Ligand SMILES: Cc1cc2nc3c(=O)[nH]c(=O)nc-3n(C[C@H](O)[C@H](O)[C@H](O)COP(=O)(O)OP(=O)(O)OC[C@H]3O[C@@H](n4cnc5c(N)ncnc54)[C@H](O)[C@@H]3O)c2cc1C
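So this first bit is one chain, no partners, the form predicted on its own, shown in structure tokens.
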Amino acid sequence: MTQLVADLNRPGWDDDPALPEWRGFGPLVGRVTADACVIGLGGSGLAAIEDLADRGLSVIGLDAGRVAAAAAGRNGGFLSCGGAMSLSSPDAPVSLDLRAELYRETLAEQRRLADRLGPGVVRQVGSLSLAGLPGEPIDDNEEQAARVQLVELKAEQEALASIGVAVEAYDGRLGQGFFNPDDALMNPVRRAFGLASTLPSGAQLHEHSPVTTVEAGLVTTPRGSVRADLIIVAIDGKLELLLPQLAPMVRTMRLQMVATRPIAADRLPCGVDFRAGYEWAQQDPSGRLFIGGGRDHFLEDETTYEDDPTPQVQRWIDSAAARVAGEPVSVTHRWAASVGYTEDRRALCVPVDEGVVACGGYSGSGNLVGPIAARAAVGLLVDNVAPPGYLRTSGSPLG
């Protein structure tokens, strides 16, 4: 078992040799005016900025840190279709037709991203969803949980097939479940850097500019302000800290991950999620394993605004990593991030003031759902088009 010594709270994605040199953008200083202001320079914020600039509007984009320094550059790198809502759930908050529509939209978003950034960034290799973790169950509880998960996965496989997805049953060395050929993988930092460096003219970005207040027509930072008629808040974790009125609708949780030195070649042929998605892993082209999860074992502790890795979750991930790798692993990086969850797993696209819309609450599936929510926010503000029903535009308090 690896010791808890690694590059602490620095994502392994940042050490990808294919990552371009990042010169960055200066902070916002002084008072500026634009047609629109977007807060958050992750996947959703960059999508909103691109959409607004493509319409000929001037846009100021702000981020508290570097582009993709928060959850947008610290997640598992999955481009999974359909979002966080299960197709097979009988208790889903929206109809199967709307969930199928979201699936199709996320697939289109993924292909748009692949066309934009190329196969070197977006690896269209599919994904496996598996019951349990590889190897023999460690106890009766794990064995029973895996049986339940397998039943749920079979129902999800049937639901995906019913909307035309070419899913296949899987029973192999990694476990049992199904393969979805539609899904893809990426290094999320490469995605963000690629998008941020190729935005249309009319977009001006500022890093290291934490927003302190948002109100109709005005965004304030410690060193400057932006006056804009249109404002989109496109952050996921800690959204309810910036906009307390959203606290009844979304809660911030911590995700944790590790990266390892290269393991056996082709151990993971694609992205894999285990245990109903509580663990997720991919192997990059160099052979390194990226794996996260374990939150369900420490749920109270992980419902937090803290975003540093913790020993107990990291030990769980270490154990899971060895089972996934099929061999001892050597961890090089450990990190965590804050992400937003909604009770019903619908992402938010919520008006919060005149000319202000907030996006977030992606519930662990923001790499494709986030840009869709952000584009819907643009449509709402610019065209007065109501967001699609698979997004949440208002809501009652969390239970």
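Note that residue numbering follows the sequence shown and begins at 1. Fair warning: this is a prediction, and the values are worked out from it, not measured in the lab.
Note that the form predicted together with this ligand isn't included here; everything after this is about it.
Trainee: Does the trio G12, T260 and Q283 actually contact this ligand in the model of the complex, every residue with a heavy atom within 4.5 Å?
Mentor: No residue of the spot touches this ligand in the model of the complex.
Trainee: Exactly one of I60, A53, V331, A337 has a non-hydrogen atom within 4.5 Å of this ligand in the model of the complex; which residue is it?
Mentor: The option sitting close enough to the partner is A337.
Trainee: G194, G294, G76, G132: which sits within 4.5 Å of this ligand in the model of the complex by any heavy atom?
Mentor: Exactly one listed residue reaches within 4.5 Å, namely G76.
Trainee: Out of the stretches listed (140-148, 251-259, 163-171, 109-117), which one is close to this ligand in the model of the complex, meaning heavy atoms within 4.5 Å?
Mentor: It is 251-259 that comes within 4.5 Å of the partner.
Trainee: Spell out, yes or no, whether the shortest heavy atom distance between G177 and this ligand in the model of the complex is within 4.5 Å.
Mentor: G177: no, not in contact with this ligand in the model of the complex.
Trainee: Quick one: does S365 come within 4.5 Å of this ligand in the model of the complex, counting heavy atoms only?
Mentor: Residue-level check for S365: yes, a contact with this ligand.
Trainee: Could you tell me if G237 has a non-hydrogen atom within 4.5 Å of this ligand in the model of the complex?
Mentor: Yes, G237 lies within 4.5 Å of this ligand in the model of the complex.
Trainee: Give a yes/no on whether A34 approaches this ligand to within 4.5 Å in the model of the complex, heavy atoms considered.
Mentor: No.
Trainee: Any residue of 19-56 with a heavy atom within 4.5 Å of this ligand in the model of the complex counts; write them all down in order.
Mentor: The stretch touches the partner through I39, G40, L41, G42, G43, S44, G45.
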